[in-house]
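First comes one chain, alone, set out as structure tokens in the form predicted on its own.
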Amino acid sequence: MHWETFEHEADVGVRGTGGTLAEAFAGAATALISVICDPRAVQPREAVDIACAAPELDLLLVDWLNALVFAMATRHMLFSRFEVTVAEGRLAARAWGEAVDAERHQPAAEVKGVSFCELRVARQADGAWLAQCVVDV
């Protein structure tokens, strides 16, 4: 699994790639967290289960990342580890993290939501999966 962010006007793009679709979705989630803080600073102390469904893979990515944004906002948590399963338009995931500690995590931005801008979920020529979009900060 690989993750990265990319510049996009006033917002930030997040991208995950992997040998499987699940790895690409987990990479996109890690990239999302990296917009807020260094994911390595977040201890995987508590697990949260997340499930969503959508008729298309790109919409499933948006729902997944928005579900993470919602979980972070309502639980006052950050996440650093993701176990994702994607099959037949459904995503089941477990995200591990901990309560936000402003001093230790030093949040740099707040992700407000996920947009459809630059949205792409596809298998690339080399066989790896790509999952990317832009998040509103």
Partner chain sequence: MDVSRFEQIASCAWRMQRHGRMRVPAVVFASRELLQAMDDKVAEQLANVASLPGIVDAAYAMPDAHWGYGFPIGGVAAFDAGEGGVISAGGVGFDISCGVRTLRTGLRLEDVERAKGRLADLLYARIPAGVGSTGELRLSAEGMNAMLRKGARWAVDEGFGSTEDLEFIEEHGVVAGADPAAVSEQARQRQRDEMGTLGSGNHYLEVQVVDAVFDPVAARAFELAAGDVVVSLHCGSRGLGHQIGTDYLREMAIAAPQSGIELVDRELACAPLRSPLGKRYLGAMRAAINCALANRQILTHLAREAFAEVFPGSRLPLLYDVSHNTCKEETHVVAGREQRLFVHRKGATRAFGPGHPELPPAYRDVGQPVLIGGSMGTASYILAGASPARGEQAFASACHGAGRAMSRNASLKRFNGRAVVGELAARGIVIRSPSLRGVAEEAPGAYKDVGAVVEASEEAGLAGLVARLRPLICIKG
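The shown structure was predicted, so the numbers you read here are calculated from the model rather than taken from an experiment. Positions refer to the first chain, counted from 1.
There is another form of this protein, the form predicted together with its partner chain, and it is not shown here; the text below is about that form.
Although the partner is absent from this view, A125 stays clear of its partner chain in the model of the complex, with no non-hydrogen atom inside 4.5 angstroms. Mapping the unseen interface onto this chain, E46 falls outside it, with no heavy atom inside 4.5 Å of its partner chain in the model of the complex. Looking at L21, you'd find every heavy atom of it more than 4.5 angstroms from its partner chain in the model of the complex. Using a 4.5 angstroms limit between non-hydrogen atoms, A92 is distant from its partner chain in the model of the complex. Residues are counted as partner-facing when one of their heavy atoms sits within 4.5 Å of its partner chain in the model of the complex; in 117-133 these are C117, E118, L119, in sequence order.
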